[in-house]
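Just the one chain here, the form predicted alone, laid out as structure tokens.
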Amino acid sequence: MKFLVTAGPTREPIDPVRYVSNRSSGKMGYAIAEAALDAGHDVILISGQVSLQPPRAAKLVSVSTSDEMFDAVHRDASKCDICVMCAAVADYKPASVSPTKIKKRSENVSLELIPTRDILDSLGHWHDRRFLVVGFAAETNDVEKNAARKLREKNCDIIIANDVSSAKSGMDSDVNEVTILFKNGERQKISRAQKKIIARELVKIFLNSATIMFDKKDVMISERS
């Protein structure tokens, strides 16, 4: 099968030297890309700016902003079987970008932010899609409740929920612990472990879910014809 994996943060420019971003290291997305390659599958890795060496066999697409990531995902999603949206895409970006460095002043400065385009939602509601959509929900409170709402609203097939309120796992860390929420209401937990170990388990789950989804769609097409 062919995987599309997004990883890392986006950077939303304020001026030529400043930007709005987040703490995502990209480690989970890169681990998933590597696990998929190790399992014998093709991988397109769309990555924000990270300090990681990409897997050699992956087709790497480097991006910076949320708009660049949106466009890159939409160029390749229809060619893939499984889309894993692991990147921490900024929810907001500055309404305008100064062409020159904004000088420091003694008074307060207000920054107007506007919503970015929602990549996960656009994939979940893709007309007649034939690819599995996996989203990630990094939460600091009501983790499973918020993840379940995201699964429903974005029309995903799977959401991976993780608690990032602790410095011991999640962002910046080499370890993680996750809860997998499926569209059919099932839930599965993976206990705290190295991200590379979790990635191998997640890839198995994605492959199984994609196979089931494709089998069902083939049956529906056969029944119509």
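Worth saying up front: this structure is predicted, and the values here are computed from it rather than measured. The numbering used is simple: start at 1 and walk along the sequence shown.
Form predicted together with ligand C5P: not shown, discussed below.
87, 90 and 154 each touching ligand C5P in the model of the complex (heavy atom, 4.5 Å): Per the other structure, all of 87, 90 and 154 touch ligand C5P.
Heavy atom contact within 4.5 Å of ligand C5P in the model of the complex, the stretch among 124 to 132, 74 to 82, 146 to 154, 105 to 113: Within 4.5 Å of the partner lies stretch 146 to 154.
Contact of residue 117 with ligand C5P in the model of the complex (heavy atom, 4.5 Å): The answer is yes: residue 117 has a heavy atom within 4.5 Å of ligand C5P.
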